[in-house]
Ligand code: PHE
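Quick setup: one chain, the form predicted alone, written in structure tokens, and binding and motion questions come after.
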């Protein structure tokens, strides 16, 4: 059983930790996947279910990862062994594999956002579909994928304080400011009201649809970066007196706020320009084809708004990618005794190499997403809820440190033992069916 190193890094401030954790949660899923799923699943019907499931599933698992990480002061493999014995190292290994595989293809999509941010400066062309086909695969996609991975590696080389925390403190406020600015601009467009009507109207029949429920649960889990050890690893760097329940609520609220405001920006834009019928064509199509078409229709304003939007996407993708790479780097440091420079360069390069097939073929990218994003994450979260609910000794006592005034620990333990496993079993079943 590994022990926490005495010289382990710590966050320089509570604000730095919170912004880094929010950055891990906020990513392409908030501005890409959330809007698409909302459009596909009845607007506010999905929104309401998503909020409920963030509270009932996302928040309990988020707090569970925070508690395990802070208490053990180790990365996933060592942390789970610390509380459950060596047999639980396998679950930590699954977290590690999930994060590594997700980063490999996530950085391909993030590379597209880098390319699109630069393209937006000069304005998108009239055929955004043809442009996406041109840049999404092949040597160009490989090059931008490697560039994004190089940027991620450079930040992780700086460590927790001089790398992750410093970047998060700058990028996260900028991201939220950009999204709010675009949402305010979108509100001024003629026809924006139709976008709000679609986004915020509630269809009760959709709320009772089993598929909508499963989609909302999956997004609540995916959006908070759960089941891959990122939040757990970040929590291993916090001080013992941090109020983890409060931090969990802040992280979940900020994550939802970015997704919600992104919807307030995206839907009015699309409806104002008559492109609402195209938003549900595909997850990638909504982001990389439909929106660039909208920015093209807007002329010079589209160049400004499009550039800002894709810059915000780059920021979100980068802060999420940092957390994913930190999981594997921290594990190598904890379990193998590697130094940070060697672990970062070696594992970052290996992850970059693993992502090359996804950059060459969209079918490979989709398969990696189904395996890691739909199966590994959900199964890992399911097993984590079982671990905290039934195996870990006194998780409530661990969570209570620094949070003596919190009164909902009993509800948290009950949710982790009952609601979370039940909902994640449903999501896992749906994911397996989708693979078939």
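The structure displayed is predicted, hence computed values, not measured ones. Numbering follows the first chain given and starts at 1.
Below: the form predicted in complex with ligand PHE, not depicted.
Novice: The chain here is shown without ligand PHE. Which stretch in 129-137, 339-347, 316-324, 354-362 comes within 4.5 angstroms of it in the model of the complex, by heavy atom distance?
Specialist: Looking at the other structure, the answer is 316-324.
Novice: Just to confirm, with a 4.5 Å cut-off on non-hydrogen atoms, which of 148, 237, 222, 288 contacts ligand PHE in the model of the complex?
Specialist: So the residue touching ligand PHE in the model of the complex, by this definition, is 222.
Novice: Identify, from the list 380, 27, 60, 69, the residue with a heavy atom within 4.5 Å of ligand PHE in the model of the complex.
Specialist: Only one listed residue qualifies here, and that residue is 27.
Novice: Is residue 95 close enough to touch ligand PHE in the model of the complex, meaning at least one heavy atom pair within 4.5 Å?
Specialist: So residue 95 does not count as contacting ligand PHE.
Novice: Taking ligand PHE as it sits in the model of the complex, is residue 80 near enough to touch it, meaning that at least one heavy atom pair lies within 4.5 angstroms?
Specialist: No.
Novice: Is the gap between residue 230 and ligand PHE in the model of the complex 4.5 Å or less for some heavy atom pair?
Specialist: Although ligand PHE is absent here, residue 230 would touch it in the model of the complex, with heavy atoms inside 4.5 Å.
Novice: Only counting heavy atoms and a 4.5 Å limit, does any residue of 104-142 reach ligand PHE in the model of the complex, and if so which ones?
Specialist: Sequence-ordered list has one entry, 106.
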